[in-house]
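Take a look at this one chain, the form predicted alone, written out in structure tokens.
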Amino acid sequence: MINPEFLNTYLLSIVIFSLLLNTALALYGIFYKPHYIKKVICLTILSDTANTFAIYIGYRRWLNDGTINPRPPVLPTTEVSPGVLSQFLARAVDPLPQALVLTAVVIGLAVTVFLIFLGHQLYLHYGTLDMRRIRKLKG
């Protein structure tokens, strides 16, 4: 039987490694790929990676007396005693990263739509989306 603590640590290490790899690949694509659409795709990947990293920062394991409790933090009654409230607060997830990610997703969608329309205008004006050709045509 696999120890849940080991599995949790192992999976979180994989998530951190994949976030770093996605960031590196997205930055490579943004700075070194000459095609406009590839740059937009890499920018979207970088945005999604940053959002995932923000969610990871807000992640809290549900530890209960040193063991992992898989039950989500929910108040069982409407009458809240200080003991139940302190237990809820010890297990609840910070809502600030979630609110920031939700805002970032909406802003990222608007920026992506703007970049797609900008790419359409670039194609209509220059006839290509290759940034090297556009740079040569400009000067």
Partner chain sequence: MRSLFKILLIIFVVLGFSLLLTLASEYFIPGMEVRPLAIFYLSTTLNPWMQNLTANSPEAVTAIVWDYRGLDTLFETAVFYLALIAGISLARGISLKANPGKEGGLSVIVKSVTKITAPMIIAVGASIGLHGHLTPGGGFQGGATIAVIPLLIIIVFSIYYLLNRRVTKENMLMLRSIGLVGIGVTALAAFLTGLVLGESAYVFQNMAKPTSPVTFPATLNGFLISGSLWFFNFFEMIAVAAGFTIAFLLLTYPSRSEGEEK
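Numbering follows the first chain given and starts at 1. As the structure is a prediction and not an experimental result, all values here were calculated from the model.
The form predicted in complex with its partner chain exists for this protein as well; it is not shown, and the discussion that follows is about that form.
**Q** Just one of V40, L27, A50, V93 has a heavy atom within 4.5 Å of its partner chain in the predicted complex. Which one?
**A** For this set of options, the contacting one is V93.
**Q** Quick one: does F114 come within 4.5 Å of its partner chain in the predicted complex, counting heavy atoms only?
**A** Output for F114 is yes: heavy atoms within 4.5 Å of its partner chain.
**Q** Do F31 and its partner chain come within 4.5 Å of each other in the predicted complex, heavy atoms counted?
**A** Contact check for F31: no, nothing within 4.5 Å of its partner chain in the predicted complex.
**Q** Quick one: is L100 in contact with its partner chain in the predicted complex, heavy atoms, 4.5 Å cut-off?
**A** Yes.
**Q** Can you tell me which residues in 5-29 come within 4.5 angstroms of its partner chain in the predicted complex, by heavy atoms?
**A** Residues within 4.5 Å: F6, T9, Y10, L12, S13, I14, I16, F17, S18, L21.
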